[in-house]
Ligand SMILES: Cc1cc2nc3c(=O)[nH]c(=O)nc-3n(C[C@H](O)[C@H](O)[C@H](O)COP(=O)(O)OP(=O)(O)OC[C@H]3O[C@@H](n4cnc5c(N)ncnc54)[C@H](O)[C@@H]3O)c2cc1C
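Below sits a lone chain in structure tokens, taken as the form predicted alone.
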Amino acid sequence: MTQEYMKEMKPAYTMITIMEEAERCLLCHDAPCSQSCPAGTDPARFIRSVRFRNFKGAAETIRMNNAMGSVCARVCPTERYCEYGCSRTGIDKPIDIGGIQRFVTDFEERIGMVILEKGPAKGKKIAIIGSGPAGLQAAATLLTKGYDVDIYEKNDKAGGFLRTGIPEYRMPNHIVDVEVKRIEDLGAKIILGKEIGKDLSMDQLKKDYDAVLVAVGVGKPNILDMFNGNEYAVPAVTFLAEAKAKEGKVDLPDNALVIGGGDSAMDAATTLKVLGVQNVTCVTRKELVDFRASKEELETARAAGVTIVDGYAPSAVDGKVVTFKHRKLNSELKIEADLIVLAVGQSSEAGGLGLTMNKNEVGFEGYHAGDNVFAAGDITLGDKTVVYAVRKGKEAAEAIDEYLGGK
């Protein structure tokens, strides 16, 4: 089962099949797919290049617009964005834009293309706190504008949630390593094992740098009060991080319960099945029509054999037995499991940075967070997806450039 966890679940295109898929594109003049991409990756343009077998040109389009192109190709919920806008949907099904992007970025890596270049030196230094997708994209954008960039990461490896929160079969650590190295080669200095607010003060950082970008994400797991101290319960992000760090070699029981209905819940449930857990039940208070997880994540979990029960919220817990009540019906459900995985959301890790979040700490409303401090990624308002983190990283970098006198 460990072998299944360590290999990508979705097969890649071949040279023949990639052309077949690209030739399905209608080459729309108004390119609704490109208009629907939050990161501005411009799928219409790179698919057109693929149709003419100009894979280098396709790679340049992707990488110039999205420094995390290889990552987004694998984990972007394309059915919400570019594929949702695809005109081909009205005929049969949308173009597999993510699959084409993955083929192109794999080709880019295979032949060793170097596309991004550092801009003429501006003599100004930026500190970025956090090395997730928003921080890495912001670093790439700032470096191409000529700024010097230092990235502070509290863990011993860069990548943030990409490395710890997404299963290997969806996001291989090799891809994270490649994306990080591209940005290091561009000129970024990554300082590992340094937590701002603990090992180094925010005030000192503000003095030492012309601008500071906070991109720490929302990696702190939420725990329902009733599960505090429960020996059978573990947060989904904790379970996913351990499974990835140990390459799937974790001890698991024969039955497990996942509570939640987002992407992390589906990742946890599918991971449990891939690693050999016989019975995996996922219970979510959301009904399937309002499901938060992406369509692909939901279908993958179902295909793996996960039982999904919707409309029920936990009302009580006694050890390994959880009682659920339906939100609308007079119905109760009890499930006993040797492992209870809680995927009930995450909160900001910006504590200790001296920043004032808006109500309920749901995020900054803009990119400028006061003085010479800026914010990007999941701690800002908006979608909590990798592709939106890329967008926010780009926009925050532009805000910093404007603040420092750029054009």
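Just so we're clear, the structure is a prediction, and the values are computed from it rather than from any experiment. Numbering starts at 1 and follows the sequence shown.
Heads up, the form predicted together with the ligand isn't pictured, but that's what we're talking about next.
Contact with the ligand in the predicted complex, judged by any heavy atom within 4.5 Å, is made by just one of 337, 306, 237, 274: 237. Distance criterion of 4.5 Å from any heavy atom to the ligand in the predicted complex singles out 264 from the list 105, 270, 284, 264.
A residue is said to contact a partner when one of its heavy atoms sits within 4.5 Å of a partner heavy atom; residue 325 fails this definition for the ligand in the predicted complex, lying far away. Taking non-hydrogen atoms only, residue 195 approaches the ligand to within 4.5 angstroms in the predicted complex. Although the partner is absent here, residue 142 lies well away from the ligand in the predicted complex, with no heavy atom inside 4.5 Å. Although the partner is absent from this view, residue 280 stays clear of the ligand in the predicted complex, with no non-hydrogen atom inside 4.5 angstroms. Note on the interface: of 145-153, 328-336, 306-314, 242-250, the segment with non-hydrogen atoms within 4.5 angstroms of the ligand in the predicted complex is 145-153. Heavy atoms closer than or equal to 4.5 Å to the ligand in the predicted complex belong, across 97-133, to the residues 129, 130, 131, 132, 133, ordered by sequence position.
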